[in-house]
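One chain follows as structure tokens, the form predicted on its own.
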């Protein structure tokens, strides 16, 4: 059983990976938003200004993040700032394992990071892991995952050829929907995951994931079948993005499978034009 020392070592490794990434990117100094006078006497006033810098730095990190979420979905500032720091680490799965800024981390059995090809041309993002996913540590392995596999196979995609993840990486208790704060705490990791894989197509599964990924407040019924451009502050180029009905919804509403089939055909056509097949 992991103890406090293991958690501390994992956090240190994540921070060290972040520093190595920053050095490789050419970062050799840190600055604040406000100018600092170097001619001011180093008295009490200067000491208080220095004490304020860590909070100012945290606010700078949070404000520099892409604003794909609606403003109502905001995590507590310390957790969000920590998420942006750790998400920049090279080993994203290890960084997530060391991250305790999402409340779902505690009640969940295990981290559900993702599954598939890390160099995939197609990335699919759902809402949250369920009970079976929590048990096995992989996304979409229950009945909805089996349907998703068949949906992908219908357009010539094997599960191992894509990458699948969720907007949160731990199962919410009782399979309830993730709260806005939980989703916001995980969002920097979702964005970093997409940046690292750099797929040609990005597919949100279900309404909640579509709201987060596409940054659109409309219902899934209005978003499905449409194409958007996803881009973060660090991504090199926009990614074609769309939404599909969630497989769990299709299991409950089989009459909607005909619409989902039309959307899959449209995705297959877009894959052909972008060289994703």
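Because the structure is a prediction, the values reported are computed rather than measured. Numbering follows the first chain given and starts at 1.
Below, we turn to the form predicted together with ligand URA, even though it does not appear here.
Interface segment, criterion being heavy atoms within 4.5 Å of ligand URA in the predicted bound form, picked from 91 to 99, 181 to 189, 194 to 202, 124 to 132: Selected range: 124 to 132.
Should residue 140 be counted as a contact of ligand URA in the predicted bound form, where contact means heavy atoms within 4.5 Å? Residue-level check for residue 140: yes, a contact with ligand URA.
Against ligand URA in the predicted bound form, would residue 246 count as a contact residue? Criterion: heavy atoms within 4.5 Å. Result yes; residue 246 sits at the interface with ligand URA in the predicted bound form.
From first to last in sequence, which residues of 154 to 170 have any non-hydrogen atom within 4.5 angstroms of ligand URA in the predicted bound form? The one in contact is 166.
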